[in-house]
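First comes one chain, alone, set out as structure tokens in the form predicted alone.
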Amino acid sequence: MREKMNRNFSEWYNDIIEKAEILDIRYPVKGLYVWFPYGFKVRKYVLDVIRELLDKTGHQEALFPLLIPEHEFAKEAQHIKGFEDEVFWVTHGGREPLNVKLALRPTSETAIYPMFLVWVRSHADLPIKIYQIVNVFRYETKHTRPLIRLREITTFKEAHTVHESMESAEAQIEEAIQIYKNFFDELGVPYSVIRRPDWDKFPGAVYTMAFDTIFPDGRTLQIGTVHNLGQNFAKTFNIKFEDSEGNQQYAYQTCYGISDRVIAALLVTHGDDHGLCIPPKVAPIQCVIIPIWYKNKKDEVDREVVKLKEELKDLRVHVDDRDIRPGSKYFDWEIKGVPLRIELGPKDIEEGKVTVVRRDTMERTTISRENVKESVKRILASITDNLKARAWDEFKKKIYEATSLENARKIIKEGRGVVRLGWCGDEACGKIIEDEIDADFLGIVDEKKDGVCLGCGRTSRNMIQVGRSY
């Protein structure tokens, strides 16, 4: 069911974004797109999942300004160096030049941390765990792609925390990683958790952990990041607290984020040649009911459809009563990835059943009209489990262990997926591996696996992942 998708993934992706009414790409500014109502509902239900996970772990949602004064943005030298080529600047208010240039946030450390300076006074104020879901702007000069590479990222969830010790910050990193694991598991999106190399970590971080998934063309997509900031930003923004002994100490911080790429990963992971296949938990419509009318039976069918919709009112149900052929309706809802289609006609009513079609397998079967709600819920649960299992199975098939750099280069060149291999830990050797394989050094997936570094032949305890990324 994914042959066409795998054969020309780029074409499939561009088509489905439009045909399934996720985004309208015709907005007259490069890298900016409009959410269709259907796509926006997918976004809403995805964000409901992450909000619930964050709220349950003591995070509080806040909202900080979009505009960042140049002097605040420039305080953290490493940070601004990481974003200096991507910043949009506001230089005028009306026709008048501004006294201070204002950056449209590319990320919000330099907007939030001046407020942490005001909020943090004592160890009793800690920890602080906040998050916001906002838009951020980056002057992307590469080829833009909907949901993947944007100039306006419209779905940017960033969490920021403040702690009194490195131990507390490390515990927060572990919690953040578990939150993201739970989040992606809910969506059925498979992932590798990777420690980025020092030369590719978040600007100003002590280290960066990343979640990567793999697309049908073998390329990886970074779908989440977790950063231990240590005291780097606290020292820059003078964020101090009074400890239990009355001494002033610099705070420790973490931050972690996801973006529109999560939506892209969701759509791609479960999509196929028929279109999208959205997991029930985040589907705008979980069941679509299609009445099958015959000449003298329309009223009878319509009455039964009303009853059926009422019985399924706990779910997100839509009745497609458009005056078009049933086949056209099937096609439309398959493209949009509705998990379950329910067909109801005179014969079904007479036999006390309904016909159901699962979107994940395209299997058509009948279920009893009696206790239909319980049956439908069981099917939706089965779809959820099947989508997750299928996604992980395909993901694992795209991960290879290389026996040589030549072997690794061949796998990646053919677009089969990513490669894992030994690395001694030396940066220069890591760069050689990148160059020899003609791929990106994605990071460390296992720091305790003995082996041989394929770059230099020395003993290695680092298993790294290498591949081409978006």
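Just so it is clear, the model here is predicted, and its values are computed rather than measured. Numbering starts at 1 and runs along the sequence shown.
Not pictured, yet referred to below: the form predicted together with a further copy of the same chain.
> When the contact criterion is heavy atoms within 4.5 Å, does W199 count as touching a further copy of the same chain in the model of the complex?
Answer no; every heavy atom of W199 is more than 4.5 Å from a further copy of the same chain in the model of the complex.
> Hey, in the model of the complex, is T91 touching a further copy of the same chain, heavy atoms inside 4.5 Å?
Heavy-atom contact with a further copy of the same chain at 4.5 Å: present for T91.
> Do R95 and a further copy of the same chain come within 4.5 Å of each other in the model of the complex, heavy atoms counted?
The answer is yes: R95 has a heavy atom within 4.5 Å of a further copy of the same chain.
> State yes or no: in the model of the complex, is some non-hydrogen atom of Y294 no more than 4.5 angstroms from a non-hydrogen atom of a further copy of the same chain?
Result no; Y294 lies far from a further copy of the same chain in the model of the complex.
> Choose from 323 to 331, 104 to 112, 176 to 184, 392 to 400 the stretch whose residues reach within 4.5 Å of a further copy of the same chain in the model of the complex, heavy atoms counted.
Single hit among the candidates: 104 to 112.
> Answer with one of V445, C429, L66, V49: the residue that has a non-hydrogen atom within 4.5 Å of a further copy of the same chain in the model of the complex.
Exactly one residue meets the criterion: L66.
> Could you tell me which one of E242, E304, D272, E72 places a heavy atom within 4.5 Å of a further copy of the same chain in the model of the complex?
Looking at the other structure, the residue within range turns out to be E72.
> Would you give me the residues of 149 to 169 that have any heavy atom within 4.5 Å of a further copy of the same chain in the model of the complex, in order from first to last?
Stretch hits, in order: E152, T154.
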